[in-house]
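Taking the form predicted on its own, here's one chain by itself in structure tokens.
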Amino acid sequence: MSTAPNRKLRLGMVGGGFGAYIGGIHRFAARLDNHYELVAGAFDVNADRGHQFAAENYIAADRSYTDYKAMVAGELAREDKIDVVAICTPNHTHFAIAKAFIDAGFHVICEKPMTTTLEDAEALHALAKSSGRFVGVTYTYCGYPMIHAARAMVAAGDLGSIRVIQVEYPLEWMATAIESEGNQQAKWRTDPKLSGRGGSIGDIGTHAYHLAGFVTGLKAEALCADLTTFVPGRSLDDNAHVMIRYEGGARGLLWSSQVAIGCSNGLRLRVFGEKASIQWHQEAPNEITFSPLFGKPETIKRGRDDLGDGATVRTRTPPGHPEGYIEAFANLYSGFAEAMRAINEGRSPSAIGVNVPTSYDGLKGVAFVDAVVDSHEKAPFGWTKPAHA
């Protein structure tokens, strides 16, 4: 599938209609850098609601579909077919939808976790490789410029050999049984048939795990997990503690929680090396703290000229003007666009299209959740090797 360089990528969406928080984020991100035009979708399992949503978002009636199967067939029949589909549906649907679009020749952007089972994740990654289609997975937080700056600092040896990695992602929004009070977002996240084997560890723990690996470049060799369900009646964990042994001897500690009262969106990463450490907090995403051994801590802010290409190409505004979550998500979408255009045009991607999360990152995330649950079930303290690190 070739893409003329002077037109936007035609974007379709499955899910993401009325009441779907993440669908709106995808649409904001796709618009921000002007690489995409949303032209088609199957936005709701309720066809009437989906058609209403399409009309209110200026989607032509003949490109508002009742389900993803009708969308695949309808778009294949068009000269102006979509280039890529964004999958914004609950976890258990990802595999079938992604497979159908890849088989039809379309690129895919998929919410995480990529699938609910390791078997499906392996199959989808293999299909992405064999088809030549791009499959991007929205591990949002690697879209922040300062995360790329931190990654470059680790790779340059500024921290020396990595010793300790601590990453946490605490939230409070499910501290009570809101799934039994009509909250649909919580309802499917607490249902293993819809969410998969992991609760908090699958929903937000995978973000933390990906972030730690992205910044340090280290692979997990083994892990030991303790999962807890604090809210009575839940079938999945709402709190997780995981110890991780990384290659080269580094040790990691990961905490994810949906019941941490007082925490709004507390994703935090700390990496300690033999020479220095870095710290980053998602609620103050435009800076990292660099602390050298025997030296003074330094706050490094987004916008500096010496942070490397990875940070520079993901920076939009001058220092002092904050950039945040939407911009990070948009950086993923811009990176995905460049990666897709490079595939279509048979060339290497430019800097924005490098180091974007793909199907292999999705596979590693599912393998991580699988290993965590396996370890917990071997309790107490059962060390497990992830199938893909």
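In case it trips you up, residue 1 is the first one in the sequence shown, and so on. The structure presented is a predicted model; accordingly, all values stated were derived computationally and were not measured.
This protein has a second form, the form predicted together with a small molecule, left out of what is shown; the following refers to that one.
Partner contact region in the predicted bound form: 202-210, out of 202-210, 118-126, 159-167, 216-224, criterion any non-hydrogen atom within 4.5 Å of the small molecule. Within this chain, W188 lines the site of the small molecule in the predicted bound form, having a heavy atom no more than 4.5 Å away. In the predicted bound form, at least one heavy atom of F43 sits within 4.5 Å of the small molecule. In the predicted bound form, the small molecule sits beyond 4.5 Å of every heavy atom of G74.
When the small molecule is considered in the predicted bound form, P90 lines it closely, a heavy atom lying within 4.5 Å. The candidate spot formed by R151, Q282 and Y360 lies out of contact with the small molecule in the predicted bound form, as no residue has a heavy atom within 4.5 Å of it. A single residue from the set P113, G196, G136, G252 has any heavy atom within 4.5 angstroms of the small molecule in the predicted bound form; that residue is P113.
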